[in-house]
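Encoded as structure tokens, the following chain is the form predicted alone, with no partner shown.
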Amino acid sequence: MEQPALAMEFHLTAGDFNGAGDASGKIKRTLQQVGVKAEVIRRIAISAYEAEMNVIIHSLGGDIRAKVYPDRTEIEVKDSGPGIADVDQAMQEGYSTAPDHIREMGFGAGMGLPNMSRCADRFSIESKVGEGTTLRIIINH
């Protein structure tokens, strides 16, 4: 089995808007330090940030893992919580289940999953209502 050159893991706490962006920021800074191309880092940072915010906004908490290989970065985000009832609908730009208080903070525009998919070379969602969601994002270097 191929081993990553780097592996990072962060716990994400539901509703922790003060810590929002910490995990994706650390992933971004680490990739800059190891010399990944700026355009690739941009795509990874956007995907990681959107995934991180989805966990903080919509779940009961979760974890984000980033594995860096010479030719790609793999991001896996697992959360526990309500899950996604209709993944196809959730992938539509502008569709959101964010409550009003989240929208009033400027989040929940319904662009998270479409942005992640657009930035990824491979993207998948597994979700079970009442249990949680797992996202897998692969971005080639």
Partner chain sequence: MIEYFHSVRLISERCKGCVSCIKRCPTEAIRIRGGKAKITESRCIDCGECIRYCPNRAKTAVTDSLADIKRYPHNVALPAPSLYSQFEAQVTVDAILCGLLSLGFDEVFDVAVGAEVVTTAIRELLQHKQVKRPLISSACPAVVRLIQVKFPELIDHLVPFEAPVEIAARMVREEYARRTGRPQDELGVWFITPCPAKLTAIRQPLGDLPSNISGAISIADIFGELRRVILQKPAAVAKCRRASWAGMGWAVAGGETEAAGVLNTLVVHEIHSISNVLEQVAMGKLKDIDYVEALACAGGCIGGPLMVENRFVAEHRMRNRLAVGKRLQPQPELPLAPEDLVQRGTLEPRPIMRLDEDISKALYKVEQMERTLERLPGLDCGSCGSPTCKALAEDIVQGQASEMDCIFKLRERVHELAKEMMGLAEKLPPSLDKKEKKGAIRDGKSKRVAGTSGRRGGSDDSGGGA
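Residue numbers count along the first chain shown, from 1. Since the structure is predicted, the reported quantities are computational estimates derived from the model, not experimental observations.
Missing here is the form predicted in complex with its partner chain; even so, the following discussion is about that form.
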From the candidate stretches 75 to 83, 40 to 48, 56 to 64, 89 to 97, select the single one in contact with its partner chain in the model of the complex, where contact means a heavy atom within 4.5 Å.
-> 40 to 48
Looking at the partner-bound form in the model of the complex, is Ser24 within 4.5 Å of its partner chain by any heavy atom?
-> yes
Touches its partner chain in the model of the complex: Ile102 (any heavy atom, 4.5 Å) = no
Can you tell me which residues in 46 to 80 come within 4.5 angstroms of its partner chain in the model of the complex, by heavy atoms?
-> Ile46, Tyr49, Val68, Tyr69, Pro70
